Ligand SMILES: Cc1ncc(COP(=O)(O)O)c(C=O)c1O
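Next comes just one chain, in structure tokens: the form predicted alone.
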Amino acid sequence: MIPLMKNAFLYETQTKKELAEFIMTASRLSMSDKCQQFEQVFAKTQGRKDCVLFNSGGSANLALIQAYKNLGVLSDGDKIGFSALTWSTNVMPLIQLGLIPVPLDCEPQTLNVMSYNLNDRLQETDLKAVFITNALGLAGDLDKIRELCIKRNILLFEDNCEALGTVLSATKTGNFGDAATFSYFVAHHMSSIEGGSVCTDNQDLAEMLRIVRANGWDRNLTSEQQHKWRNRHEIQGELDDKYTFYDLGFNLRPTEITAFLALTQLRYLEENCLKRERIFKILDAKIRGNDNFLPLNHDHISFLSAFAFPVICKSPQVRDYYIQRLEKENVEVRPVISGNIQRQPFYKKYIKDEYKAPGADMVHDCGFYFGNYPELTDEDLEILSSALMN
């Protein structure tokens, strides 16, 4: 069988041995110094000023939106554009926190929102912010999207959970917007089993994210930041400040285990991404001549850190045919994320306005993906290539 992912970790045996030793020797397993260490290292790796670690990528999305509301930058009823081709935890926080989600269509051959998709939607409605999902390691023309957002005074967020390491216009995905979220769930580029983060250059946002992450208190801020909050609210004495809650928050804290695993896998990130790009290029070249598929457009991407290998067929019938061929070879397949998320039950329950998204509909009806990860063998690649031949 060729599953979506063969192992929880790259170099799994070694990682598990190191984890066992860490658990046996660590004096504390709840959030502490190891989490702070990971934040510093990952921020430097990504090239942002700050990183805030969470217990999942979904929590990072939730905290990001709550933090902007706490700061007064976003308010109830604001319209937020988001990628129609996305994962549930990109749009659910918008609904849960009283914002109005506005789907942005994608270009099927890039799987992503392009600047013209955003511009088309802006002809219909104004947006306060845009939350772009960099789907499956690919990306839209983020440089042009950034320019459009700056011109229109629109906040830009990226969900970079599936595109860690991808580069276009000499910039890593996750670094185009005001903030970006990342996931370290199993099968992502680096796994801490569960885990996620927000990276940003906005120090006020990073400070608020740490408040949101831990029930609304200041315990994980710097002493200077704590002093500021305690003076602002006239908190007297070391006893009261321990259980003072300054703004709305959740318990979204990671553990030291999360941080240890993330640091361990971060050592292998470059190797992981290089192997994913190599596999993607091999498969892409082999099936590019098959007229049953839409060729993927990634010419604007200088380094493609692929999360998976997507296939966009020219009809639902062709999609069904190739899925059957892959399943016959015991290859595990999935839809392309959640498809057009407007067609999901939860979305139709809570959101009555529907926007046309023909690109996302095509991917929904005609697309699928299978795994792309370093442990795929040459034999695996031959099986996958043969099953996708004309």
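Heads up: residue numbers just count along the shown sequence, starting at 1. Here the structure is a predicted model, which is why all the values come from computation and not from measurement.
Separately, the form predicted in complex with this ligand exists; it is not shown, and the next lines address it.
Distance criterion of 4.5 Å from any heavy atom to this ligand in the model of the complex singles out 188 from the list 121, 188, 210, 128. Of the candidates 140, 103, 195, 137, 195 is the one whose heavy atoms come within 4.5 Å of this ligand in the model of the complex; the others do not. Although the partner is absent from this view, residue 342 stays clear of this ligand in the model of the complex, with no non-hydrogen atom inside 4.5 angstroms.
Remark: residue 161 counts among the residues lining this ligand in the model of the complex, judged by a heavy atom distance of 4.5 Å or less. Among residues of the shown chain, residue 56 is one whose heavy atoms approach this ligand to within 4.5 Å in the model of the complex. Within 4.5 Å of some heavy atom of this ligand in the model of the complex lies at least one heavy atom of residue 87. Only one segment in the set 57-65, 29-37, 317-325, 353-361 has any non-hydrogen atom within 4.5 angstroms of this ligand in the model of the complex, and it is 57-65. For the partner-free chain shown, just 133 of 126-158 comes within 4.5 angstroms of this ligand in the model of the complex, judged by any non-hydrogen atom.
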